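This document starts with one chain, in the form predicted alone, laid out as structure tokens.
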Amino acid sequence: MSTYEISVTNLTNAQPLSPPVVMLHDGDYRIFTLGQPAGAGLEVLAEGGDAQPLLDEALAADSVSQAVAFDAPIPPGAQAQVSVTISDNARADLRVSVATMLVNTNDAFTALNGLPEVGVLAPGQMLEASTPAYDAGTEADDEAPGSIPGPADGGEGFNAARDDDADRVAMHSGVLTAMDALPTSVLTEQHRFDNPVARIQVRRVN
């Protein structure tokens, strides 16, 4: 058996990260494809921070050897980690994916979408990646009162209606605040973010 420790560091000023979901898998699995519609599990995660549907989808996929979710959100500037153990047979073409919501947004998330070469790590070795913000394209980015689930608003999370005309995953263009000629926005300057928004480390323990 091989154990990997996955650490996630929140690099934003005021965007708590929802409890991340972590998948260990082969090259056939991807959380999303840029320019394509988000899957149902990713939609729920990106709009409301609930990792369970995406976790369930991953565990049902033949190409995923293990998947777990963190047990708590990660505040700005903080780091958290989780350990995952797999059989040595699953290390061929092993990759790691991670996804988490920026909760003071409508449907922004950050993700590591299949970090390769994890299977060749020796015990004690580590890989690191910085991740940008993505827009799930499932909810309009209006920053309106009642539409954001994070502490900036305490509003609605997941809504099954897809009201973003794009309906595709793309790089996030950033949030608008009351200081950006959007007086209805519940966000302030502190909720803005620049890329990267998270740092993810994968270390093989044994």
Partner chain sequence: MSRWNPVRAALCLSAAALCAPVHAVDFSVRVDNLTNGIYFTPLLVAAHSEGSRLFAAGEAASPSLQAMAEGGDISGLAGDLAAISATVVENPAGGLLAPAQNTTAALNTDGTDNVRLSVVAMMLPTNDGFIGLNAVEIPTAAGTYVWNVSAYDAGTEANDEVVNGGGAPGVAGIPAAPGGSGSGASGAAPSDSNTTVHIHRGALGDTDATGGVSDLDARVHRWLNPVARITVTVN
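None of the values given here were measured: they were computed from a predicted structure. Numbering follows the first chain given and starts at 1.
Beyond what is shown, the protein has a form predicted in complex with the partner chain; the following relates to that form.
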{"item": "Non-hydrogen atom contact residue 127 with the partner chain in the predicted complex at 4.5 angstroms", "value": "yes"}
{"item": "Touches the partner chain in the predicted complex: residue 90 (any heavy atom, 4.5 Å)", "value": "no"}
{"item": "The partner chain contact at residue 14 in the predicted complex, heavy atom, 4.5 Å", "value": "yes"}
{"item": "Contact flag, residue 59 vs the partner chain in the predicted complex, heavy atom cut 4.5 Å", "value": "no"}
{"item": "Contact residue in the predicted complex, chosen from 96, 84, 133, 121 - any heavy atom within 4.5 Å of the partner chain", "value": "121"}
{"item": "Residue among 40, 179, 140, 144 with a heavy atom within 4.5 Å of the partner chain in the predicted complex", "value": "179"}
{"item": "Residues within 4.5 Å of the partner chain in the predicted complex, restricted to 185-205 and counted by heavy atom", "value": "189, 190, 192, 193, 194, 195, 196, 199"}
